[in-house]
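Take a look at this single chain, the form predicted alone, given in structure tokens.
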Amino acid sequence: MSRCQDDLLELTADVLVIGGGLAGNWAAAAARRAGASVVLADKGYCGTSGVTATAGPGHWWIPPDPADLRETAIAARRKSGFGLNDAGWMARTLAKTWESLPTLETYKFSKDEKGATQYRALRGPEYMRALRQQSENLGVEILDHCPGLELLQRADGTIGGAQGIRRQAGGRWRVNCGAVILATGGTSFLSRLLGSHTNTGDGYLMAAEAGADFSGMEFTNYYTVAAKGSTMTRSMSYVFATYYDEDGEVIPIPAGLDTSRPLAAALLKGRVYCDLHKTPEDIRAKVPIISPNFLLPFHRWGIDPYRQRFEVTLHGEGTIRGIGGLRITGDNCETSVPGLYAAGDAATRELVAGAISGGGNINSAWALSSGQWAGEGAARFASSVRSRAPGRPIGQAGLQPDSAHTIDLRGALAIVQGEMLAYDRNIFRRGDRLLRTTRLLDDLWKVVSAHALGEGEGILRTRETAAMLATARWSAASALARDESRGMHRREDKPETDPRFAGSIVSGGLDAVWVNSASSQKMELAS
């Protein structure tokens, strides 16, 4: 049911999905197949917004036979994840991915030289277009350019909808429903990571306002190399890179996956340059096919990256290729708030990635799987809720200030980026620096939450800034609480892994941020 009154478009559905990326579309499809009526609200144009649309996503793709193939892969991943990931969730994700991709009839999968269909790797733009088509074919009602601003909560504490703005049509939207799925992605704190401009942590803030909590937020310090001045963070070609300092000396890069630490150390001393002359000829021939946008900046600059050196930088990936997100409390990706579900990068990926990056094939498989589990769970929950009466809007920061004053949003964002992206603070972490960061961000939050009021076209940017600030606070507090080094979280003052921190760090709160270990042992923030 829908109605338009004044500037408000009001809809009623069983399930609302906020976010139209990979996870959101799989969630919408699953909820629809479970018999629910579904509305999907996307911040941009569903099928083009988000990080998948600019990528070439591969999936964690392992056949079920022989059985030891998956068992071996899971054991290896559990070891590399420093024990924070779960074998059961990994097995479920592998199985769900294997059974689901071949059902995507709206995508034209490629074939190998023997004619076998290749399901694992897809082309991002075509993949997203196919997912939108799948959603439309199933009868999902899509609201394009309709960012969500706040959740609606019923008197019993369950989530009964959300509301936001219609950026192009003008006015507002509200959806009254039985359950909500947050598939809003993570955030890189607007680091200029390719495709992440709409990923500002909006879902995290909305969920926290409802009382939801988070897990793994300390693992937000993954960085990707890119040519300086470019957002092109497709990193496959940098496997063959040679890096140089300002004097032309080769920067030694130890073998292994983590190149960000030696590069960051060099960048703190001066400019860093790179060439790709070691790239094999057969790989060079395939790059325009595998990563068709990778060479575009070089073409514009008139640089041959295989022969000429160019300056590079590192872009922080925050919770996108980090792993933190909303804590999952059940097999259907329930959050700690009834009626609220999370999928993709909005949810923690500790369950499958552990303490190392969830980027690449694990993230894609997780987005596909968690989306469908959330869709199925939300549809089931909605069927148990008879009322579709509007809930109470619960948005706070940027919407309901104690007293409205002009806030320098650019300045606030610069502070957040300085604390969450600077190499010396976020890669080379120390307890004293993290403590300073938590205090600085807490003080900034007091000002923003008490006085920021988004109005007109500024309402979205105000909420986005508040969301990134809130996310930064949970990340910094969790990093301070994890008083050790584990996986991508490296503490210069605590270089060893400590068995006392073998579990997850759970965080939450808005006016007062809190952190707990998974064993419920309270860990007081130093303050």
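From 1 onward, residues are counted along the sequence shown. The structure displayed is predicted, hence computed values, not measured ones.
The same protein also exists as the form predicted together with a small molecule; that form is not shown, yet it is the one meant from here on.
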Problem - Location of the small molecule contact in the model of the complex, chosen stretch of 211-219, 446-454, 297-305, 142-150 [non-hydrogen atom, 4.5 Å] - result: 142-150
Exercise for the section: Decide if the three candidate residues 327, 353 and 504 all line the small molecule in the model of the complex, where lining means a heavy atom within 4.5 Å. Expected result: no
Practice task
Please run the contact check for residue 52 against the small molecule in the model of the complex: heavy atoms, 4.5 angstroms, yes or no?
Solution key: yes
Handout entry: Interface membership of residue 205, the small molecule in the model of the complex, 4.5 Å heavy atom rule
Key = no
Handout entry: Interface membership of residue 487, the small molecule in the model of the complex, 4.5 Å heavy atom rule
Key = no
Exercise for the section: Mark residue 272 yes when one of its heavy atoms lies within 4.5 Å of a heavy atom of the small molecule in the model of the complex, and no otherwise. Expected result: no
Completion exercise
the small molecule in the model of the complex has a heavy atom of only one listed residue within 4.5 Å, and of 159, 343, 323, 378 that residue is 343
Exercise for the section: Please pick, from 74, 227, 362, 427, the one residue with any non-hydrogen atom lying within 4.5 angstroms of the small molecule in the model of the complex. Expected result: 362
